[in-house]
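Shown here is one chain on its own, the form predicted alone, set out as structure tokens.
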């Protein structure tokens, strides 16, 4: 369900690297050429281009891009060119632990929407790049209920199969309902179930919860809509069960804010373009009665707009 449009005949990495070099030299940068190449290459192709560029020109492609580009366009191109998805996720996770850019939602997104193996690769990339574990940085930079939820969330290695224990699902649905009725939202059992159960098992539990107690769990977790921990807990459950609905909402909020939240818009488009952007677009149109490409065009401009549209499968580049 990706949206990335890769040409049937892809030029060799050396041809792409040469064209990118041409885009950087001379009077002014050729942004259209950069978009036409990078926005139409998948992760493994981009990795080969970066390696070829470095060996041919003796400079990291990211360094060249950093010299030539600026503002929101620079951020989206740099994130997109940042090598394998695990490298990009490691960078985003590290950024999310910094004081000035700390963002619990980004950490939760990465931990909840990547497969167990992909999350493991993120943690390997994080350790190789920052010489610390993701778990220790998350633990150090969070506190209270946020730490109680996020540390096990980034530490887990969930079972990925479809096997479900229905007896367990029924008993854990009852347990969740009891704890939520007591407003014990940070209870160890609540956190254990949400952070360790497979997505299939969790779905079965939440279906039981809905059927047995007459409400979706996220409705019962809205007792205090402004509580930041409860917002994060509801978002975690949504990410684990319906990630496309979660990302549609992030895009909607980013575009509908007074002044676009380019940081969120860039992150979602870049991280989901090769995953489930088609589903997110369908959800966006259904929820907002406007196609996502039109919403982006109405809210952004220039090379940044062109890159966004190319990554979601629209535009001329």
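Not measured: the values here are computed from a predicted model. Positions refer to the first chain, counted from 1.
A second form of this protein, the form predicted together with another copy of the chain, is not displayed here; the remarks below concern that form.
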Review point. Does another copy of the chain get within 4.5 angstroms of any non-hydrogen atom of residue 184 in the predicted complex?
Key: no
Check your understanding: Quick one: does residue 196 come within 4.5 Å of another copy of the chain in the predicted complex, counting heavy atoms only?
Key -> yes
Check your understanding: Heavy atoms within 4.5 Å of another copy of the chain in the predicted complex: does residue 242 have any?
Key -> no
Review point. Contact between residue 127 and another copy of the chain in the predicted complex at 4.5 Å, heavy atoms?
Key: yes
Review point. For the chain shown here without its partner, which stretch in 209-217, 70-78, 158-166, 103-111 has non-hydrogen atoms within 4.5 angstroms of another copy of the chain in the predicted complex?
Key: 158-166
**Study point:** Every residue of 131, 140 and 189 near another copy of the chain in the predicted complex, heavy atom within 4.5 Å
**Key:** yes
Point to revise | Proximity to another copy of the chain in the predicted complex, single hit among 136, 178, 228, 95 (heavy atom within 4.5 Å) | key: 136
